[in-house]
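Before any questions on how it binds or moves, here is one chain, the form predicted alone, in structure tokens.
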Amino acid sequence: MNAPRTLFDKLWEGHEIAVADDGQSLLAIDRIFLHERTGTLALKALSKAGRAIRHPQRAFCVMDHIVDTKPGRPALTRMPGGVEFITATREAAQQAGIRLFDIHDPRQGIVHVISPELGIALPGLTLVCPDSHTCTVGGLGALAWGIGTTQAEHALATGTLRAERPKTMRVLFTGTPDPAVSAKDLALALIARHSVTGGLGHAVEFAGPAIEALGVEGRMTLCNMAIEFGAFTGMAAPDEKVFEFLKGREFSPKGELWNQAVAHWRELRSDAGARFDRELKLDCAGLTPQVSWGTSPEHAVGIDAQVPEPQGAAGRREAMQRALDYMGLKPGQRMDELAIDAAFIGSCTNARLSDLRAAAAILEGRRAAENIRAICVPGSMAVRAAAEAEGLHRVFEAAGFEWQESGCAMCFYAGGDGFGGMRAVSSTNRNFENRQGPGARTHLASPATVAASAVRGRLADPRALTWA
């Protein structure tokens, strides 16, 4: 009788071609996604070496990282010198014969948003991309991770990659969270409790009743933040919600192939009695909406808490003090009393339709406080179109938000537009020094908390507005 296996075991072993003498596995790669910041290098190196892409139908490319997101994209790119990146990527993708979702393609969007949206990412598949947040699509039950440019070249040429098999971890989210506590809040609470190295060297499966209750997009938010937890990847077992989400997508299986796929996907879950190398539990009952105070996702507390005192070992205390100095904060200050200059809703973490709906529910009939720069950038042009069909854009615009086109935008500073010198609350995933511009002070939060903060002009608890 076969020993019980974890979801990760099934995905890894189902793609393992061989194990090398050094212990590394050679894995079959089902999907490769590129973008204009890194894809050009891999494609050009491949061409220069005279190698062809082994499975061009499995390779995809998108313009997302440095594209101008202002309506009409008047500047084409927000990065000085970025036109060359875009032009080179376009030419390289066309020459290689892979599918490109270009700037004005209605399917364009952030890579980790459109790959599941189009049915390119599917349960049970391996998917790689030269981007650390590729683990996002683990929310569908895929095995996905970020790679380097050289690895992308190898995967394109051979359809395989060598990788060291990580250990396994299960994180059980128990209890029933407050309705205002989102997947982003669960992620920040986990990382705050166990640090940004808590998942180091592990493939993390998120499980438990709170995860089963999450929508598919919430699971992708959680898996997106697995990399901030230090994990190799994050994943959640696919279920009926995932199957319904994927049905009818452009690249999803059709007809009898769909029935066969779903039958296989139903087996993609950890067996009863499967052993993990490590298990963690987080009780969601009593959790409040989370917000970061410092320069790391682990610097997070409840919105109703105070800025903490530096504590722990000397190195940790020093890091906390540096974060406080950069953020211009002092221990004991209440988080919900910190005035902000800007609010941003976007990124591969929190810019899907459910995220925009959550923010719009707060903003309906309200307006951002005076002198707040507020921006919403949908995660894809399809998300933008769906939001506009529901009239959400009118809610954002009436609230004083800039309603932009899809792209990574203010998630990171590319040398163009940013929040330099400002204190911003952001639905993004990283808040290190200067991430959103020189001197920018970024507080990570959920879309609902960002919206509530924009209205109040300070960090704010969305519950105070939801049921006001």
Partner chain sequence: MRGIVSGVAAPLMRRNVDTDAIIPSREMKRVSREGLGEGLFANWRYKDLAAREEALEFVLNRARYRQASILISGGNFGCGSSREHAVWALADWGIGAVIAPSFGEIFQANCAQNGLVAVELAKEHVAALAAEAERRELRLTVDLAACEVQGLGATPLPFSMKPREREMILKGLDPIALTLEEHGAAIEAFQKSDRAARPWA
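Since this is a predicted model, take the numbers as computed values, not measurements. Numbering follows the first chain given and starts at 1.
Absent from the display: the form predicted in complex with the partner chain. The rest refers to it.
His264 is the sole member of His264, Arg334, His104, Lys247 with a non-hydrogen atom lying within 4.5 angstroms of the partner chain in the model of the complex. The listed set Phe173, Phe85, Phe396, Phe276 contains one residue whose heavy atoms approach the partner chain in the model of the complex to within 4.5 Å, identified as Phe85. The closest heavy atom approach of Leu125 to the partner chain in the model of the complex falls within 4.5 Å. Among residues of the shown chain, Asn371 is not one whose heavy atoms approach the partner chain to within 4.5 Å in the model of the complex.
Mapping the unseen interface onto this chain, Asp30 counts among the residues with a heavy atom inside 4.5 Å of the partner chain in the model of the complex.
None of the heavy atoms of Asp417 is located within 4.5 Å of the partner chain in the model of the complex. Contact with the partner chain in the model of the complex, defined as a heavy atom within 4.5 Å, is made by all three of Gly146, His154 and Phe232. Contact with the partner chain in the model of the complex, judged as any non-hydrogen atom within 4.5 angstroms, is confined among 374-382, 337-345, 70-78, 161-169 to 161-169. Residues of 11-30 placing a heavy atom within 4.5 Å of the partner chain in the model of the complex, in sequence order: Gly14, His15, Glu16, Ile17, Ala18, Asp22, Gln24, Leu26, Ala28, Asp30.
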